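Presented below, as structure tokens, is a lone chain in the form predicted on its own.
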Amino acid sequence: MHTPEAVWREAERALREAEHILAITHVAPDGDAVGSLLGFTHALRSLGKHVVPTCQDVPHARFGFLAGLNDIRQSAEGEFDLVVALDASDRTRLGAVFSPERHAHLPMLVIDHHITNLQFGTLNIVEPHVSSTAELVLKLIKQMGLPLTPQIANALLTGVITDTQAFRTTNTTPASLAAAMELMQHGGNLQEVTRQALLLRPFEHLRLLGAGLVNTKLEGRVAYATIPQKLRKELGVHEERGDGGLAGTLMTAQEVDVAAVFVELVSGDVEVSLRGQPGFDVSQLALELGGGGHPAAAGCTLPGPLKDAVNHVLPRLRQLVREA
């Protein structure tokens, strides 16, 4: 799926005409979400635009090396004439920042690369063949002739590096490598971005990862684990969400084709992270369950209790493996 050039031109026109822009990325933001949001914000501010970068959830401290991280707000105050949704596959992923009462009447530009994107904007730049939303933001910046500063380069490079896992995933393309090279040429620090955004993690995440691995079950070619709130408290893990990298780690096992990690939230809902080896598309299952993502990495949130969520998802994963 390629966005028609007319849509790219219309997106540029909308951005140039707008004066007050509300930029929103998805809840529980990853590196591509944070990097795309900051790169976009820095670039449009260079035009003198009033841009408010927002995300329902506070970005992880690992992204503290990126300029402007503390500018990201958790609510949208003020009046706007354009909403820009970055790296979000549907409107619900924008969380509480997006208020239908206050924002639904505004034009919305969607910039995203998820195959499950619902095309929910007035204008939609959605290209699932691209490895990261950061690449699309880079293309837009170049099209508009905006300066590519080291701040922007590091932000967008974070998106490319994290969504390709340092060029190790199946969505890595020659264009991904070319984008990284161009960003490095404009001041992006590949080594530091990789270290800060991908390799370093809090010690409590290691404890959570270890406990999760102990609790993991393998049924045929399906691996799954549960992380109840009780376990988080016992380990002293302060973050409510996340699995400490468990879902990705399970995919390094030779015996695993698909994996799921079920994280119990304080609300009682269950955050489900799905992973699949090449040839096993977990994105459609996530979409059917109200979530979204990529063929190899997707997720959703289900009502609890934890046991019910597991019993709802596991049969579908077994079916996915049988039919592959």
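This one's a predicted model, so the numbers in the text were calculated from it and none came from an experiment. In this text, residue numbers run from 1 along the sequence as written.
Below, we refer to the form predicted together with ligand AMP, which is not included among the displayed structures.
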{"query": "4.5 Å heavy atom contact, T54 to ligand AMP in the model of the complex", "finding": "no"}
{"query": "4.5 Å heavy atom contact, R232 to ligand AMP in the model of the complex", "finding": "no"}
{"query": "Interface membership of C300, ligand AMP in the model of the complex, 4.5 Å heavy atom rule", "finding": "yes"}
{"query": "Touches ligand AMP in the model of the complex: S273 (any heavy atom, 4.5 Å)", "finding": "yes"}
{"query": "Option from 62-70, 46-54, 287-295, 251-259 whose residues, in the model of the complex, bring a heavy atom within 4.5 Å of ligand AMP", "finding": "287-295"}
